[in-house]
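Below you will find one chain, with nothing else, as structure tokens; this is the form predicted alone, and questions on how it binds or moves follow later.
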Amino acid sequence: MKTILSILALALLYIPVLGQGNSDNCLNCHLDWEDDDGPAHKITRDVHFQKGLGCADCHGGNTSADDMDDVRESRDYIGIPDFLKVPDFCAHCHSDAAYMHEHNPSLPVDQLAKYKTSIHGQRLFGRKDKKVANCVSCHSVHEVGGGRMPHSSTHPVNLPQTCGKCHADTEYMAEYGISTSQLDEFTNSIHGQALLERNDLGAPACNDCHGNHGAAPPGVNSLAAVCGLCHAIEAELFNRSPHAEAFRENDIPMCEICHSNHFIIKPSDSMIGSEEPAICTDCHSADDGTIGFMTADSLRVSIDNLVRFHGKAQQTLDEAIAKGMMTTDEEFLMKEVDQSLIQTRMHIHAFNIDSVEPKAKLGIAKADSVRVMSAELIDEYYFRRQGLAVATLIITFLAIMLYRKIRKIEK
């Protein structure tokens, strides 16, 4: 029964192609010859096949021929393209705007042009390097899927592994002299954890920073722009900071110097200051002739003060909540304190105490209001308890007196 159902399922998948004209003998033969991992079996997952394209649309040949020699002798037979010619092979359709409009008008048609500008394309076309990535290296063969398809090699969750097939292979990459630790570092980074563990598709994958068809490592001067695609406010603050010009003059990678590139961990307040483990000490020293340490210490004091007031406010509010008091206003104000803390930490990228201190003071004032309001609620709670105790005593006393009065009347 299972075999019959499999045959019926395959038949249903192949009906669209078979219905386009003559019987597709490519599939008829290859399904018999190949095991389950063969192209004829994989192709049911391929977006081209699902949109009605058949073998001959890419490989040419006469699909009605019964003999393979007859197929090879067909006038337009292409067969398996040479690795160096794959980009032109795919671009035959994907660079044809009119053709793509009929099949998927949402796809750009400049992939080949961009690929030629990438380090991959330059080595493939310029040095005839068959180890660099071409179309099939990233998109697979016969299982090509759109980037939104979960099984696709270019789906964001799968992309690190797709790039890592080459870039994490130490032996394969040895001749290029570049690191092969990117995949491990990204996997353990805050970006990798969000994407790969929590399936957060808003987190960046490789192509969000390096591009896809025009893939290239971000340059020193473009790092702020690349990171700024997501971290726009931080990038704007940095570009107006005293660090921006100094970094450009000394070819210091902007975001990377503090946050790393692939192994980006969650930032903490301990990164700021003039003592270890603050990263400010990586570049600045007490006698470097700058105000670096003084600014770093001032920034750290502002943040620490806000964090301390935030903690006291949250602790007092939690106690009021635990006692069952109505804390709607206090909880709403506490969210503003949370926001102040986020904004204060964000303004660190301005590296200017005049930008950070006002944010911190505003947050401190709100946090203190939350603490005072919550404390008043707690005082009210104890006042109500004391009142309840007194009322209970009075009621009990009255009940006893009433009982004694009733007994006296009965006697």
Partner chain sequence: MPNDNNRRVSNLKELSFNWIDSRLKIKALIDYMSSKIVPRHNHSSFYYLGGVTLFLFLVQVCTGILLLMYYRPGAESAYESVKFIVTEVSFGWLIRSLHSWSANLMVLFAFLHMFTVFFTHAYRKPRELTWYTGIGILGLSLAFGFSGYLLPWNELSFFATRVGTGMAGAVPIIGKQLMIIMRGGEEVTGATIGRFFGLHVAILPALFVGLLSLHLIFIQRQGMSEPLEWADKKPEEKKYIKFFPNFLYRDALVWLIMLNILALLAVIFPDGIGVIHWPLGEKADPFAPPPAVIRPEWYFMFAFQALKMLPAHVWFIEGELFGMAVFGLGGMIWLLIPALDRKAAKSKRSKLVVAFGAVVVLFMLAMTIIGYLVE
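This one's a predicted model, so the numbers in the text were calculated from it and none came from an experiment. Positions refer to the first chain, counted from 1. Throughout, rigid core stands for the largest set of C-alpha atoms superposing within 1.5 Å between the two forms.
Unshown form predicted together with its partner chain; subsequent notes refer to it.
**Q** So, residue 250 and its partner chain: in the model of the complex, are they within 4.5 Å at any heavy atom pair?
**A** Output for residue 250 is no: heavy atoms all beyond 4.5 Å of its partner chain.
**Q** Going by a heavy atom distance of 4.5 Å, is residue 328 a contact of its partner chain in the model of the complex?
**A** Residue 328: contacts its partner chain in the model of the complex.
**Q** Would residue 33 show up as a contact with its partner chain in the model of the complex if we use heavy atoms at 4.5 Å?
**A** Residue 33 lies outside the contact set for its partner chain.
**Q** Is residue 42 close to its partner chain in the model of the complex, meaning a heavy atom pair under 4.5 Å apart or at it?
**A** Taking the distances in the model of the complex, the answer for residue 42 is no, it never comes within 4.5 Å of its partner chain.
**Q** Could you tell me which of 378-386, 25-33, 44-52, 338-346 sits within 4.5 Å of its partner chain in the model of the complex, going by non-hydrogen atoms?
**A** Heavy-atom contact with the partner occurs in 378-386.
**Q** Go through 191-212 residue by residue and record those having a heavy atom within 4.5 Å of its partner chain in the model of the complex; state none if no residue qualifies.
**A** The stretch 191-212, when checked against its partner chain in the model of the complex, contributes no residue at the 4.5 Å heavy-atom cut-off.
**Q** After superposing the rigid core, is the C-alpha displacement of residue 402 2 Å or more between the shown form and the other one?
**A** Comparing forms between the shown form and the other one, the residue 402 CA shifts at least 2 Å.
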